[in-house]
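First, one chain by itself: the form predicted on its own, in structure tokens.
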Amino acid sequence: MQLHDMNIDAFQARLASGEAKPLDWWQACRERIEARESEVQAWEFLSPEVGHAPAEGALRGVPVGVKDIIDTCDMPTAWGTGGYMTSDGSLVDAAVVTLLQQQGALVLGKTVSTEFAYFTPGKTRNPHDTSRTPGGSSSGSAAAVADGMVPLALGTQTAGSIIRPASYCGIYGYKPTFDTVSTAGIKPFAPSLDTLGWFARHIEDICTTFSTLTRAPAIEALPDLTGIRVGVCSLPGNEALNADVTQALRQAQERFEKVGASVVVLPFDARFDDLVEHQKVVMAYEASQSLASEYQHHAQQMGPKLVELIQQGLALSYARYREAQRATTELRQLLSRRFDVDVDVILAASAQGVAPIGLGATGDPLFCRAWTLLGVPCLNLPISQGEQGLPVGVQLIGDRYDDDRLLSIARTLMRAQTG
């Protein structure tokens, strides 16, 4: 088995048996980057060398890409600004970087982010079709993983910045329950929304990383999904789905049913559709505060979309922000009751379709906004193809703090798909 096809646990087994050395994966990734980076342009900065032997741990020798809004003390951070803001290195690494390194991971470099993780694109292209966007804001991380440049990469999501690029690039993207993994050392955008997550080509690697970062027990597959209730519901519910997304959802339903799960349409009342607008309010209001200094000193250099959002936030009243947060709290409680009574997981659209043509935008996070605001764990499953054979994913969603159950169900489903 080539390293490109291997998962983390298989590599650890090779290390234990002496069939591989700790830097083998690192070297293979550097070779892949050398061959493909001119096409994909996923990296903002590459670590020139490994400065230390990797620690013993669950991720020993595993190369990791770090989104370029995440602090590193030995590599610069530019926050997707194209150079009008750059730090040569922070005093300390972000907490997640340290946690990964303590388990033996090797930081391969900093991956391209959109400007402050909003909508202004970076240079990265979709590896499936370089005329198309990889999505954003975690564009470099998603593209690097999809192209085999790195097996694992960090991303963040404030609206749809993990799930959407994972769908466009045909890989797994995981956004855990809000605040499960510390965002210390990560540039804030909207602190009550910002969530740290990661990308991988294998569901096993999503699970291994979750257990490693949280110290949760290993995520195991179930014998089958008999008794598991899957509710189908995309938010906003009044938005028509295109044919590729409808097909992806249908394929996912069929696969669930083949392994014993029951699938039902899950209706929500109209208040849940309002979550999309509430998310926009919360994001704009908080971004106008988080980026106050950057806006004051660099507004002329900022992309117009970011300036527009900050100005929208400055125009919002505290009463409107409070209304959005109170409505979210109420609906979060209602959703938890639906999980208690009606379903174990929810199946929903990840994006509006395949990756759009063009590099001037990163696509619309419409089908991610509500779930991000609710703080629930979301996983993109790369299970379908649409226009011109391009990837189309679906979201699997669990209740808050039920990440391990969500991942166990997903691992069971995907094992059955490949078995």
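In this text the structure is predicted, and so the values were computed from the model without any measurement. Note that residue numbering begins at 1 and tracks the sequence as displayed.
Keep in mind that the form predicted in complex with a further copy of the same chain is missing from the display, and what follows is about it.
For the options V107, M302, V181, V343, the residue carrying a heavy atom within 4.5 angstroms of a further copy of the same chain in the predicted complex is V181. Proximity to a further copy of the same chain in the predicted complex, defined as a heavy atom within 4.5 Å, singles out one entry of F210, Y172, Y118, F256, which is F210. Residues of just one listed stretch (95-103, 147-155, 123-131, 272-280) have heavy atoms within 4.5 Å of a further copy of the same chain in the predicted complex: 95-103. Contact check for Q247: no non-hydrogen atom falls within 4.5 Å of a further copy of the same chain in the predicted complex.
When a further copy of the same chain is considered in the predicted complex, Q289 lines it closely, a heavy atom lying within 4.5 Å. Under a 4.5 angstroms non-hydrogen atom cutoff, a further copy of the same chain in the predicted complex lacks F268 among its neighbouring residues.
Proximity of E204 to a further copy of the same chain in the predicted complex: non-hydrogen atoms within 4.5 Å are absent; the residue sits far from the partner. Contact with a further copy of the same chain in the predicted complex holds for none of P22, A55 and E220, as no heavy atom of theirs lies within 4.5 Å. Applying a 4.5 Å heavy atom cutoff to a further copy of the same chain in the predicted complex picks out A184, K187, P188, P191, S192, F210, L213, T214 from 183-214, in order along the sequence.
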